[in-house]
Every structure is written in structure tokens, then in C-alpha cells.
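Take a look at this one chain, the form predicted on its own, written out in C-alpha cells.
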């Protein structure tokens, strides 16, 4: 359920794009230093957004070129912010581990074998991250159990399912001590999680219909061959637009000192464009996502 929180790159200034790429590479580096080389493969766009949000209330961090394993002989600019990345890296590992456990629970024995192998690979990293953020680890496990109960009951409630997941992303700011900063961050992350769940549910709808797997959209609407009618798609768009507006309103309450343009781009332009690509069935086919525009944009 990762990869939907992305900027509209075509609307970014060059310096903003460089900041975003440096933040992504910085998270990759922090995962490697804190949780071992294999943890680098857990880096994702959504947790990069979490770093940008949490670090937005501080002065911009230093950047420097560091060795990149993907380039072997080359270096890439990285944000150097060991303290800022510490909690974000832990969140990344915890959410990845719980997602793997959820996949093991949802899939049959043979289909779950790759996930079981990954759980073994990341076992120590997961233990270390849970020790760093025990409250988040406990809440994530509890919320995914609640989500599994909704799945078992074939619940048609989109709100209940999306809320169960959004509570997890909301908790990724739960360790921020200053309530003036924590509350708007939690609201932004809650609505980011809600958007994530809705985008993922729509993106997986056809596959879930083919495999007779749980998806709240299957039971709330009447998809035909894994496709929703235009009226139902419009309703889902209204739900995601609501999350965009509420996340944007919460962002306005933060005393942003860095990454303001990037955060606004992701929320106001990235969210709608990604959802438009999901609706059009083109999201999974875009290797380097430059979200398509809505027809009325």
C-alpha cells in the first residue's frame, strides 16, 4: 500500500525537485545505517513525505553527495539529518513489517512464502524499530487486526476501513512533543492515510474481484468486471478531494520553515493527479510517475 504519495514533478521548481530527491536518498541512507543494508529496499515515496512533513518546522538540513549502491561507482546528493530521519526510518520499518504480516495472514500458504521469507530477513530490523517506537508498533498491529476483522465480516463501510488504516499513519507523528506541531501533523497524516487506502482499494479492485479477496468497494458498490460506474468513481473522487482539502487546511496551521512548496505540491497536485491515474487504470504502468492531469484541469 505504498507509493501513492508523490509530487507532480512537472510542477516542481528545479530546487524543489532536488530537495525531494535528496530527502528520498537521505531516507535510504538512514535505513541502511540504522537497520542494515537490506532495509534500504524499504525506502518509499510515502515515508519521504513523512520526513518532509516532520522536518518542515526546522531549518533546511545540510546536503552532501554520498555513495549510492544503486549507482555502484557514483554518488548522489543526500539530506544529512540523522536525528530527523531516526523516527521516520523506524516508522518505515514498522509499517513494512506489519504489511508483510498482513500479507501472510491474507494469502494462502504458497502465495505467502515470499512474505514469510522477507519477515525473516527483516526480523532484527523490525525488533529494533519496535524498540525505538513501541507505541506505534503496538497501535499498527492493533489497527491492522481491526482492519482484518472488517475484512472477515465483508464490511461495506469505506469509512471504517479507511479510518482503521488512517489511524496508523496519523500515529507516525505521535512522538512529536510539541502539541502545536503534533496536532496539525497528525491531521495531515490521517488524511494522507485515508487517501492512501482509497487509492489502493480502487487500484486493486479488479484483482480483488478476480481473486474473491476483500475490498470495501466490492461490497459498497456493484463493480462490473472489476470496474466501477462513473457515478461511483465520482463519489470516490469527492472522498479523496475532502482529504486533500482537510490535509491542506492542517498544513496551513504549521509554522513551516522548509519544504513548504513541496508539501503543497504533493497534497494539492500530487494526490488528485495520482488518483486520476488510478481511475484511468494507468498508475501501475507508469515506471516514473508523472501523474496525468484531470480532464478539467
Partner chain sequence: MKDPYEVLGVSRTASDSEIKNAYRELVKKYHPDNYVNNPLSDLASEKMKEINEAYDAVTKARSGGSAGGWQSGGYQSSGSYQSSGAYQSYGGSGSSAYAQVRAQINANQLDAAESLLNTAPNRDAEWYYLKGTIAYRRGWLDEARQNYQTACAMMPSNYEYQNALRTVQGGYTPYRQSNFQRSDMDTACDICNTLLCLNCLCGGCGR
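Residue numbers count along the first chain shown, from 1. In this text, all values refer to a predicted model and were calculated from it rather than measured experimentally.
As for the form predicted together with its partner chain, it is not shown, yet the points below apply to it.
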{"item": "Residue 220, heavy atom within 4.5 angstroms of its partner chain in the predicted complex", "value": "yes"}
{"item": "Contact label in the predicted complex: residue 18 to its partner chain, heavy atom within 4.5 Å", "value": "no"}
{"item": "Residue contact check: residue 159 to its partner chain in the predicted complex, 4.5 Å heavy atom", "value": "yes"}
{"item": "4.5 Å heavy atom contact, residue 163 and its partner chain in the predicted complex", "value": "yes"}
{"item": "Triplet 49, 122 and 133 all within 4.5 Å of its partner chain in the predicted complex via a heavy atom", "value": "no"}
{"item": "Heavy atom within 4.5 Å of its partner chain in the predicted complex - residue from 233, 258, 38, 239", "value": "239"}
{"item": "Answer range among 70 to 78, 191 to 199, 137 to 145, 103 to 111 for contact with its partner chain, defined in the predicted complex as heavy atoms within 4.5 Å", "value": "191 to 199"}
{"item": "Heavy atom contacts to its partner chain in the predicted complex at 4.5 Å, residues of 236 to 252 in sequence order", "value": "238, 239, 241, 242, 243, 245, 246, 249, 250, 252"}
